[in-house]
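Let's start with one chain on its own, the form predicted on its own, as structure tokens.
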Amino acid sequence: MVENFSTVYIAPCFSENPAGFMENPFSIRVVGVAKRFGDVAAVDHVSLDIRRGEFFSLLGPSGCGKTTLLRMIAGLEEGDAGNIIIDGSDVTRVPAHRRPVNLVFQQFALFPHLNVEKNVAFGLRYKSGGKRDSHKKVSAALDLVRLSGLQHRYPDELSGGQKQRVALARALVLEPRVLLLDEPLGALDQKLRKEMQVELKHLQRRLGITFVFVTHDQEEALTMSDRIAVMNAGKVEQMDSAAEVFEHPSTPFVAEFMGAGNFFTAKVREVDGAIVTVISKAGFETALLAPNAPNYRPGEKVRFVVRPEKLEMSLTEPPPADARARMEVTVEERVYQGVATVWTVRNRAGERIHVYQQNVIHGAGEQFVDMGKAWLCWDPRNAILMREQKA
């Protein structure tokens, strides 16, 4: 458990100290980098700043460019354009072994003929320092990842979680300013993944170094990240805090990828200050808060999204005094998931909607099972307004 996590700290001891290291607030600056593989733009002129000491995640589906971008930062992939700056120094043309970063892969890549201690110490043979200093660093790294006492075991004598810790210790013992992690938890089972998520975040806070983490798992990114860059087709669709990306997706892709797939089509009726009033073919009218409300015009087609857990089902229509938006729906499907029930309903406009209902009271959802009609309600403040995309 996290409570037993070692408090050992590996003090940074770098051979180089670039000018402005302490003053520069950014560990990594990616400026207009691009990489093509034939006709495919794997990374399409991406720019982003990663702050010193933060846990930053590159999130997106397979093939979106996140791993290619990570490899470019590591120096394992040469870009076609742009610059990569680490701690104020341009490393665009600097080879991988001279960059102050280290990379942890999804596959542990441990040497089967070396024990844990020798696996962790492997990279130190290429750095200056005596044998005694190397032994101290390896011991500190093993303490840090809670593997003290296992230094003489071989990889085939370790569990999956222990192998992952060895891979982490091997990277950390080299004292990188930035640790790059390419889906390092992908090979672990679900229970162990969740445990390692918490431990990785705790480890990052203890060390205070920058972690750049690649994942396609939304929950994993939300659990660990200070900020997230959501990637799609080689571009960054949104870069913000974990909470902001989840609660306020800026594009339809981000909204759907983060699980807020309930899109409603509507037409703008009027705009008043920061309030946009819309009407829908589903038979409802609602006022939505939009920071960029002046950019909308009456008659314009728009979409808005409401997360499944923000919706509430009711047997009867709420009274007029209730400020919640509401629409009549037909109940189509129920999926019981233990801690929650997911309902699929359809409104008059034919839009399918998913409702996430927590099973707080036993049998609370049974009232909707045998009936065709219900009312769907939500707080207008939980609706995110977006323009209708043209095909």
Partner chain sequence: MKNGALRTWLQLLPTWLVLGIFFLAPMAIMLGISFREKGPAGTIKPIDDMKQYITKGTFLNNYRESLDPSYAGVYWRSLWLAVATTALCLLIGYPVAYYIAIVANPMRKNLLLAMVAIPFWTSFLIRMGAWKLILETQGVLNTMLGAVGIAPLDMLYTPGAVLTGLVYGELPFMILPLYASLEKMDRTLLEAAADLGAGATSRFFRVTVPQTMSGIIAGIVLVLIPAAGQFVVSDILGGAKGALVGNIIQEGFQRNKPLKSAIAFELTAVVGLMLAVYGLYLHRRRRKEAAL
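Small disclaimer: the values here were computed from a predicted structure and weren't measured. Only the largest set of C-alpha atoms that superpose within 1.5 Å between the two forms is called the rigid core. Numbering follows the first chain given and starts at 1.
The discussion below concerns the form predicted in complex with its partner chain, not included here.
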| task | With heavy atoms only and a cut-off of 4.5 Å, decide whether A74 touches its partner chain in the predicted bound form. | result | yes
| message | Within 4.5 Å, heavy atoms only: does A96 come near its partner chain in the predicted bound form? | response | yes
| task | Flag G123 as yes or no: does it have a non-hydrogen atom within 4.5 angstroms of any non-hydrogen atom of its partner chain in the predicted bound form? | result | yes
| request: Consider N102 of the chain shown here, and say whether it contacts its partner chain in the predicted bound form, taking contact as heavy atoms within 4.5 Å. | output: yes
| request: Work out which of the listed stretches, 257-265, 150-158, 271-279, 184-192, brings a heavy atom within 4.5 angstroms of its partner chain in the predicted bound form. | output: 150-158
| query | Of the residues L110, A290, A229, V214, which one places a heavy atom within 4.5 Å of its partner chain in the predicted bound form? | reply | L110
| query | By the 2 angstroms cut-off, has the C-alpha of D90 moved between the shown form and the other one once the rigid core is superposed? | reply | no
| field | Post core alignment: R153 C-alpha displaced by 2 Å or more between the shown form and the other one | value | yes
